[in-house]
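Here's a solo chain for you in structure tokens, the form predicted on its own.
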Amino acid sequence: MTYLGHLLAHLRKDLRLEWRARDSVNGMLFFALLVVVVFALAFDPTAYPTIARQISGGLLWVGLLFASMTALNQSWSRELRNGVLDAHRLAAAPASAFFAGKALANFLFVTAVEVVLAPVFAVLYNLHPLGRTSVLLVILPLGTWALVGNGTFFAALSLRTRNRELLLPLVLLPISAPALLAMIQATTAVLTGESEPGLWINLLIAYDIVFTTLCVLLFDFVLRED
């Protein structure tokens, strides 16, 4: 089997498991919607449209960040059942294909949540972007991959620790801080129309390339570590 075949096999497996249980997507969606609704109730976005545009980008990405952490931990917890992770360690398949398949599956799960969350977010916060709305189609996938790629790697790294639910945010938040800043600033620039998001988009692209490469290269040591 080719490298792409191994990757697609892992991706199909995770998609089938999620389709049967739907625990990751449902958990992320509930948490993200809860964050959006609570902050919408905290102040009246229709009364302060300028403030709503300025803070909406941050609320959206912070909500997705914390919501995705639950799914990232759950995705690796499944591999511990019935010795599945040990079987992957003994298999001749490349470890990086295992990581890439898992990361792509998590990317699709978070993207599905974003598709549902975006119209709800726009309605509750009465958002009318003043910049080019089409740029969001670039920012959202780049930002999502920045969260999911690192999150998948560090969730696997903390899998054998006793308090992995606590360790993942402690490790992931500092590492993701530059990407989080870039995606918030880029989204805010589109919503307010006060600046161009090009610089922040380039930063996101560079961040994704560097950290994806590092995760792919180092995942073999993470998977086969006793």
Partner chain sequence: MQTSSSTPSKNTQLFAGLWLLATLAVLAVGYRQAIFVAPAEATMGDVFRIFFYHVPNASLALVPPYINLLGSIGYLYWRGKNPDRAAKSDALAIAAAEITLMLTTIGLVTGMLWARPIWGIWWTFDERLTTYLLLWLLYVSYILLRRLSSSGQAYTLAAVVSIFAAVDVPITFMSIRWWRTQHPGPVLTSGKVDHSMLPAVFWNLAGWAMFSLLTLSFRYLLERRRQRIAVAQAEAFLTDDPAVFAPAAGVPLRGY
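Residue numbers count along the first chain shown, from 1. This is a predicted model, so every value here is computed, not measured.
Below, we refer to the form predicted in complex with its partner chain, which is not included among the displayed structures.
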Q. In the predicted complex, which of the stretches 180-188, 35-43, 22-30, 62-70 has residues with heavy atoms within 4.5 Å of its partner chain?
A. 180-188
Q. Since exactly one of F153, W145, F109, Y125 fits, which has a heavy atom within 4.5 Å of its partner chain in the predicted complex?
A. F153
Q.
Within 4.5 Å, heavy atoms only: does L11 come near its partner chain in the predicted complex?
A. no
Q. Is there a non-hydrogen atom of L167 within 4.5 angstroms of a non-hydrogen atom of its partner chain in the predicted complex?
A. yes
Q: With heavy atoms only and a cut-off of 4.5 Å, decide whether V210 touches its partner chain in the predicted complex.
A: yes
Q.
Would you classify S195 as touching its partner chain in the predicted complex, given a 4.5 Å non-hydrogen atom cut-off?
A. no
Q.
Can you list, in sequence order, the residues from 57-77 that come within 4.5 Å of its partner chain in the predicted complex, counting heavy atoms only?
A. none
